[in-house]
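Given next, in structure tokens, is a single chain: the form predicted alone.
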Amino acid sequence: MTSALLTDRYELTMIDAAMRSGLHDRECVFEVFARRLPEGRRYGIVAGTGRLLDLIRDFRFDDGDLDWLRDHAVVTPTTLDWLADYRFTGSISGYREGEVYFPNSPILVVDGTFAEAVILETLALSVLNYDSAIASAAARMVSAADGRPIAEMGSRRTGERSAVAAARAAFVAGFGATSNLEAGRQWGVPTMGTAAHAFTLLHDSEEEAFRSQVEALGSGTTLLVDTFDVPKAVETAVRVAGTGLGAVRIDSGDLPAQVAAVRRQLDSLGAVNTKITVTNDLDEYTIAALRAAPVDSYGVGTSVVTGSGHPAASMVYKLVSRRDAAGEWVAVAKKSAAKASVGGRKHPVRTIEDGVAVAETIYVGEPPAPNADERPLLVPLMVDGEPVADYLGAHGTGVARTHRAAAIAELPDQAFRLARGEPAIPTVYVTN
């Protein structure tokens, strides 16, 4: 199975109609942007770019795809012949993966003919909408954790392929590890995990379960202590593993009180270096509420893989410029109420003062002259149909993670408030 039919039918019927009118080869510029951030959010994080470049490079219609399209009369034979030879040969620029974005930031710019570019709409939005939503939520959790490690463990709360994408996006946003092995294999995300309550219940006693786990994984393992009685489990855990026990995990209860009590008990037993990790339906708000508690690390599931209530980033893919019949570039834009867009090729920069971002300045038309106070945001991502290697695979994922840290460091302090508010910096248009 190829990825070619993971798309909406109207992408192909538009190409079919454009081929009939002879406009399918007209040069065009498409742009991906979000009109708004989720309510109350101060910024977003671009994620999924590396995945998308792989998918575009391999976007092909095989014989099975073409047979299905033919059997269901989706497009005409002429268009089927065109699809059989489809390869994206255009160029793509965009915000680097891990970059901060704001309303109307042109995070992806696709240059190509109408037909070869429009067909990528559904694929681009499927990837960028989900991955950026996850990364944006994850980044807020990382900020709330205030330097304490966070692991992603939400595979069972989303689709099997979305789980891999979510783990990767959370890692780009600053999470330190994932429970998902495929994310580790494919994208180089560090993996973690020890045991669930089922492992304890398998044994005839909690002590037997702990001894079995320590024998298999060593005393540095993490023991789950809330299956029955937490104080009794903590005492048993230290007795079995010794004061060198790596960590205990708490997955239920009144976490602030529970964590404080467990810390006191561990210290009284001499396990002063044993860490405490919590994993009970956490989100950025509960993580922030635990700042004063002696928590050493967090594990987040449902909230991160669902974008903490916003599982899509509201991104759209719009035609913003095209050649006219005379070969001249013409800016085009949608004028619908509440859905208007800004036409023309964009040249976005991050305006920086004393190391702090103060505006997202988008030049429309001609690019601006170089300015030491403006950081250009568009970089080449795909040239003549070939992706830039530095953004691909496990290496590209690590590059994105590093860039996210640098981009976040430019934001003003108000960007990290969890209370409702406007975007951290304004978006300013300048027409050249």
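Computed from a predicted model, the values in this text were never measured in an experiment. For every residue, the number given is its place in the sequence shown, counted from 1.
What comes next is about the form predicted in complex with a further copy of the same chain, which does not appear here.
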TODO: Consider the chain as shown here, without its partner, and state which of 356, 84, 289, 316 has a heavy atom within 4.5 Å of a further copy of the same chain in the predicted bound form.
DONE: 316
- [ ] May I ask you to choose, among 232, 239, 197, 264, the residue with a heavy atom within 4.5 Å of a further copy of the same chain in the predicted bound form?
- [x] 197
TODO: Can you check 86 to 94, 141 to 149, 264 to 272, 303 to 311 and let me know which stretch has heavy atoms within 4.5 Å of a further copy of the same chain in the predicted bound form?
DONE: 303 to 311
Task: Contact of residue 176 with a further copy of the same chain in the predicted bound form (heavy atom, 4.5 Å) - done: no
- [ ] Please check if residue 246 has a heavy atom lying within 4.5 Å of any heavy atom of a further copy of the same chain in the predicted bound form.
- [x] no
Open item on the list: Is residue 228 near a further copy of the same chain? Define near as a heavy atom within 4.5 Å, in the predicted bound form.
Closed with: yes
Task: Interface membership of residue 257, a further copy of the same chain in the predicted bound form, 4.5 Å heavy atom rule - done: no
Task: Residues within stretch 197 to 229 having a non-hydrogen atom within 4.5 Å of a further copy of the same chain in the predicted bound form - done: 197, 198, 199, 201, 202, 203, 204, 208, 212, 213, 215, 216, 217, 226, 227, 228
